[in-house]
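This document starts with one chain, in the form predicted on its own, laid out as structure tokens.
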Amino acid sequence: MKSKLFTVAKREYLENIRSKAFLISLVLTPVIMIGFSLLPTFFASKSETNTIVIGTVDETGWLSDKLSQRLNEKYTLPDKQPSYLLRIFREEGIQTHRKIADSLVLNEEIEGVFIFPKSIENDTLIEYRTTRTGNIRLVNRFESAIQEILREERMRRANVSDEEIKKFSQSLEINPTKITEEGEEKKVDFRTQFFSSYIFVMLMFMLILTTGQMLVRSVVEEKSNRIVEVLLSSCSASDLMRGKILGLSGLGITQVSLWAIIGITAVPQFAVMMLSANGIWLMPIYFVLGYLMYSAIFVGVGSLVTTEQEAQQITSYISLLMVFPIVLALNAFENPNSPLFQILSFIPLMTPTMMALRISVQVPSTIEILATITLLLVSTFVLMWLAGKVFRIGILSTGKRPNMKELILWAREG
């Protein structure tokens, strides 16, 4: 029988590229990725629009005034109004004023109240009472300002001049510089390193998730509609499986290419950021091998299940393996060559994403790169071989899902 590999690939490509689901994902996926990446930073950096009233129950008699002045110097609204306004309770009787302040907090007349006891210079803990404990930015700003004031007050009492206090209070900026084995120096931008690998991982995750589900759905639909029997009468099971993978791989490449064009056109710095990342030439290798490996898993799974519900359930578990490295991204950045991440890099299903995260920070040794690429090549070949054997029999099976014993038998007989 003449090979129909490219005929199947063409059919899968054209059928899916014309679908509404593909067109929607083409636009929606970048929007979701950009939203996940930029919205948290946008909201975190967004300035307040209204002055926040904070109470202080102050037994020191002096801290609140200096705190108010320091906050007004450092934090203002776009209209130059102060970001924070202090409502100060100065008199003796900290318990009485605490009750009054608590009632104001509960009535939402003030955001919260700080308690400053007389022994504040010797205490390491200040109480902040509020109904909204999630405003971490406010707490951090007040904590920093209070620490600065107390430090300066201690130095004044130790007869340190104001000029010396300014010198001691100057902030320090650290400029990370990466050195290479050749002795070259290179300025390091954390955002460039992080987002280059993060974008790679997210692209792989979204591409494998979308095309993987298409693979499974295509196989399940053809099984349930008995179309597969007609297809197998004109081509071999091997050509059908490889054609599906090839066709949807082309679809995935089309998606990534269009996303890249959109990204470079909308944000030219995107291309500069990606090209300046460490080991950028290695990432496509891990991307392609990882994609083919997961495609083999998805097509094998698709030949085993008979309903959409079963397919979604199994593919969701497979997708979790792609999410796991994303959870560890920050830890991998801090210590990319730790034994834990080296071990995870040699687990085939995690190799592409773990290596992408590590490469952007510090390119591993040549031996480790060659070993992981070889591991991916062997894993992909083995999984493709097993998927082909299971696919030949599973594509025609209906009813009960096979157990592990039956799968082993299929692999031997296929």
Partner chain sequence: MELREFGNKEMWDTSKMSYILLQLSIPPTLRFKMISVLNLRKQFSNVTAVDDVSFKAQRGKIFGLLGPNGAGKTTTIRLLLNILSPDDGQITFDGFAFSSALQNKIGYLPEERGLYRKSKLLNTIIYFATLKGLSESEAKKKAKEWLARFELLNYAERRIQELSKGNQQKVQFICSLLHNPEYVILDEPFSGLDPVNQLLMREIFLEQRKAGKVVIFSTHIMEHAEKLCDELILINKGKIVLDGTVSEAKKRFGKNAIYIEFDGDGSFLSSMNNVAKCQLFQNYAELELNNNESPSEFLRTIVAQLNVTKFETKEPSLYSIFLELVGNDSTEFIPKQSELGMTSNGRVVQK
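As the structure is a prediction and not an experimental result, all values here were calculated from the model. Numbering follows the first chain given and starts at 1.
Another form, the form predicted in complex with the partner chain, is not on view; read the next lines as being about it.
Contact with the partner chain in the model of the complex, defined as a heavy atom within 4.5 Å, is made by all three of 10, 222 and 230. Contact annotation: residue 137 falls outside 4.5 Å of the partner chain in the model of the complex, judged by heavy atom distances. Within this chain, residue 329 is remote from the site of the partner chain in the model of the complex, having no heavy atom within 4.5 Å. Although the partner is absent here, residue 234 sits close enough that one of its heavy atoms falls within 4.5 Å of the partner chain in the model of the complex. In the model of the complex, the partner chain sits beyond 4.5 Å of every heavy atom of residue 132. Heavy atoms within 4.5 Å of the partner chain in the model of the complex are found in exactly one of 222-230, 146-154, 285-293, 100-108, that being 222-230.
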